[in-house]
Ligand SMILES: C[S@@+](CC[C@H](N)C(=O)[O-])C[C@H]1O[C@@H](n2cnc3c(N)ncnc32)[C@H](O)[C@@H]1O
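Only one chain is shown below, in structure tokens, and it's the form predicted on its own.
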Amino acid sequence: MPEVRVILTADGSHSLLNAELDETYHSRHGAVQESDYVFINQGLRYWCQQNQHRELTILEVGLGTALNAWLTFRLPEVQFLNVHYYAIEKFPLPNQVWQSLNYAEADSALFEKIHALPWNSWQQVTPGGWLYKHEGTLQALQMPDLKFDLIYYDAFAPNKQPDMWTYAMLEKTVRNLSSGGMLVTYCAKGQLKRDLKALGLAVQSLPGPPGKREMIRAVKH
């Protein structure tokens, strides 16, 4: 596990700094603000508005602090759905690190449960919500036999972790994306847009969260 330390972001919520990569887990302009905007509002809420399905399957590339998972499972719209959430993380956080984060004060029991659940098996989080935390890399992962409705692509930035943004990794990730399924990410690099289009997705450039000009939502038709 690389050295990480807790930092305070501009909206008052914590994030982590990966000392080895000199990269933060979230935007310094606001950790909760960024995740809520990119993954929840432009991803999850948008999917709920476009679909009447009772089932929702999510893939997250980069569980990290579990901020996205926590925001997902506590969203009111999600309480009426059967949710299966599959998350990939190479470096699970030590207890003393995630226990020091402040953004779960509104629902600490749920946040603690998400982190305390065993890895590498399906575990129930809420009455209709299930979580699978896969410890390992996307590169080595044998993708589960699931059709994903929504992908949170939340790896470290391409200039810090380029191997996570190759065409091969994107192809592996979206291969099991369902028709009408969506990928959302904070990244808006031109090469990423071209690769997603080459993989058959309709790419939308959306206004980014505070501190970032753009983000991407890509839809598989």
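Predicted model only: the values in this text are computed from it and were never measured. Note that residue numbering begins at 1 and tracks the sequence as displayed.
Only in words, not in the display: the form predicted together with the ligand, which the text now covers.
Of the candidates 174, 164, 192, 56, 164 is the one whose heavy atoms come within 4.5 Å of the ligand in the predicted complex; the others do not. 155 is the sole member of 48, 170, 155, 187 with a non-hydrogen atom within 4.5 Å of the ligand in the predicted complex. Taken together, 52, 125 and 128 are entirely out of contact with the ligand in the predicted complex: none brings a heavy atom within 4.5 Å.
Though the partner is left out of this view, residue 63 does reach within 4.5 Å of the ligand in the predicted complex, counting heavy atoms only.
In the predicted complex, the ligand lies within 4.5 Å of some heavy atom of residue 67. Although the partner is absent from this view, residue 119 stays clear of the ligand in the predicted complex, with no non-hydrogen atom inside 4.5 angstroms.
Remark: residue 81 does not count among the residues lining the ligand in the predicted complex, judged by a heavy atom distance of 4.5 Å or less.
You can rule out all but one of 209-217, 21-29, 5-13, 196-204: in the predicted complex, only 21-29 has residues with a heavy atom within 4.5 Å of the ligand.
Residues from 183-221 do not approach the ligand in the predicted complex: none has a non-hydrogen atom within 4.5 Å of it.
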